[in-house]
Every structure is written in structure tokens, then in C-alpha cells.
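Shown below, as C-alpha cells, is a lone chain in the form predicted alone; questions about how it binds or moves come after it.
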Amino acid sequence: MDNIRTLHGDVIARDLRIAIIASRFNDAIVENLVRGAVDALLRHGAGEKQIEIIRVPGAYDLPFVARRVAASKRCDAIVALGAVIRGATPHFDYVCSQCASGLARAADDTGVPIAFGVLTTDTVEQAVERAGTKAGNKGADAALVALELANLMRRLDV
């Protein structure tokens, strides 16, 4: 295995341009995800001018805007952030399904990595835990995925 070429991406921002697309619905939770993502990007070498934050109404709207941003080639990767919390109706299932599949399609269609940082939880408490308390910050985790994938894409293009 020592002679097998192995490619991977670094979690270094270098000259990468990163767009964070964040939903406003459940804003108290999503804002913590955004703060975590920005902090992770800055700690890994991004300058503030390399980061753009775009707000959308809800998680269902993330794929539509992510596709437009990715197609514009204004960024090397996108971090999609939102929080969908289960309620008493099937609305949760529709929003989660369309958000996840829409973001995956947008990445596949445009070739721009889109990191999935959308919380899909049963309770507000679970969302809070994943937005910076007990379970870490999933916004920061998604930002690191975006860096790694953007750097990997550059290596694959060589």
C-alpha cells in the first residue's frame, strides 16, 4: 500500500472562497451554527473577505439558492446551515427530504462541494446540543468538510 497514490483534501482555507448559506427559521439555533462555521474557517486560515454569508427564509430554500451560488462560480465551496425540528405534522419529513436531496443535486450538477450542516432533530434540546453545546457545533463541522472537499476537488483537477 506504500506505493498507492492516495488523494485527500486539507482543512486549510488558503485562497478558498466559501459561501455560508443559512436559513433564518429557527434563527437562535442557526446563528450558533453560523458562528461555529465562521470561527472554524477563520481558525483554518480564511480571511473575512473569503467568507460570504447569505440568508434564506428556511431550510427548504437552501437548495435553490445554493444551486444559484454554485453555478455563479463565486465560491469554491458552500456550507449549508439550517435547523429543522420535528413537529406534530409530516411537514418535517418533506422539508428534510427536499433539503437534503436538493443540496446533493445542486452539488452534483454544479461540481461545487456543498457541506450539509442542516440539523434535523426531534426536539429543540437536541438542536441546541448540536449547535455548540454537548454535541459540538455542526456548523463548524460542516465548514471543515467544505474546506476538505474544496481542496480535494483542486487536487482531482490536476
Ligand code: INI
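Since we're looking at a predicted model, the values are computed, not measured. From 1 onward, residues are counted along the sequence shown.
FYI, the form predicted together with this ligand isn't displayed, but the following is about it.
Of the residues Asp39, Glu52, Glu129, Asp61, just one reaches this ligand in the predicted complex with a heavy atom at 4.5 Å or closer; this is Asp61. Just one of Pro90, Gly111, Gly47, Pro57 comes within 4.5 Å of this ligand in the predicted complex, counting any heavy atom, and that one is Pro57. Taking non-hydrogen atoms only, Asn137 never approaches this ligand to within 4.5 angstroms in the predicted complex.
Proximity of Val84 to this ligand in the predicted complex falls within the 4.5 Å heavy atom cutoff. Though the partner is left out of this view, Asn26 does reach within 4.5 Å of this ligand in the predicted complex, counting heavy atoms only. This ligand is not drawn, but in the predicted complex it has no heavy atom within 4.5 Å of Ala107.
Screening 39 to 47, 129 to 137, 91 to 99, 66 to 74 for residues having heavy atoms within 4.5 Å of this ligand in the predicted complex returns a single hit, 91 to 99.
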